[in-house]
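Given next, in structure tokens, is a single chain: the form predicted on its own.
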């Protein structure tokens, strides 16, 4: 085969003549992430404290914040309410038949506590706490578990002093990976499977409706002595009931973040007077008002506009 010794030089010259835009990246699509974009996502905290922002919070400051933001779910002393997680206690139970995994008894690093509060709490309004408030609530939860004293102030420096009781019992899992053998004969018939329940609704929210000012009969509470209100719903509202249960009831079932509670006619009167087109627009596109905030599609952008409109119809017709 004939091979020219000048082939390599020719190819290099040809590549150099191509616009650098074409060889800068795959298909020339996209753009480098800016420092601001990265900072918005780079909020994780390492066990050694790397990633903690400036700030500070004391146990004393954390007590009031905890009672206001956390106690309704986790109990005044971290004992948990309903099925919400227990945060304190459980020492000495991990090797028993009924281990109680709490921040103090199980968690290996305080960074997990700080990060979770910062990233996901409080449940109705995640990432609404300031860094100082996160420090303070973290310090108070550590105090509830007798890990720090009542005069402790948590910050970037004192974070290094926090040692979780169960840290020594965590280790790197060095067991080999195991791959299950695929069923090739006499396998179960999927058509015979029966789904008896789903995990939808396992997060308890019923306690949020306490002191909401909504009449008990709107919740079908027969023990209150009031008869339940039965409303004839339109086809759109019927279709929207399941959407409401999955995506809307967390806030509209409890009045969280100023949301009008479904079934509370007084809370809906002025809103209904605006007309369905306005209500649908606010629900689909989002709305900020003097009484609260409505994120676009309730924060669930997977919902279609029609699904959101049906859910609004259900709430309106159930609240007249």
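Positions refer to the first chain, counted from 1. Only a predicted model underlies this, so the values are computations on that prediction, with no experimental measurement involved. Whichever C-alpha set is largest while still superposing within 1.5 Å between the two forms counts as the rigid core.
What follows is about the form predicted in complex with ligand HEC, which we do not show.
- Not one of 60, 78 and 154 places a heavy atom within 4.5 Å of ligand HEC in the predicted bound form.
- In short, of 161-169, 246-254, 92-100, 186-194 it is 246-254 that has heavy atoms within 4.5 Å of ligand HEC in the predicted bound form.
- Contact check for residue 260: a heavy atom falls within 4.5 Å of ligand HEC in the predicted bound form.
- The shortest heavy atom separation between residue 49 and ligand HEC in the predicted bound form exceeds 4.5 Å.
- Heavy atoms of residue 113 reach within 4.5 Å of ligand HEC in the predicted bound form, making it an interface residue.
- Looking at residue 279, you'd find a heavy atom of it within 4.5 angstroms of ligand HEC in the predicted bound form.
- The listed set 147, 129, 233, 239 contains one residue whose heavy atoms approach ligand HEC in the predicted bound form to within 4.5 Å, identified as 129.
- With contact defined as any non-hydrogen atom lying within 4.5 angstroms of ligand HEC in the predicted bound form, the contacting residues in 267-281 are 268, 271, 274, 279, given in sequence order.
- With the core held fixed between this form and the one not shown, residue 275 has its Cα displaced by at least 2 Å.
- Relative to the superposed core, residue 44 undergoes a Cα shift smaller than 2 Å between this form and the one not shown.
- Core-superposed comparison between this form and the one not shown: CA of residue 56 displaced by less than 2 Å.
- One change in the predicted bound form concerns residue 298 and residue 132, whose Cα atoms lie at least 3 Å closer than in this form.
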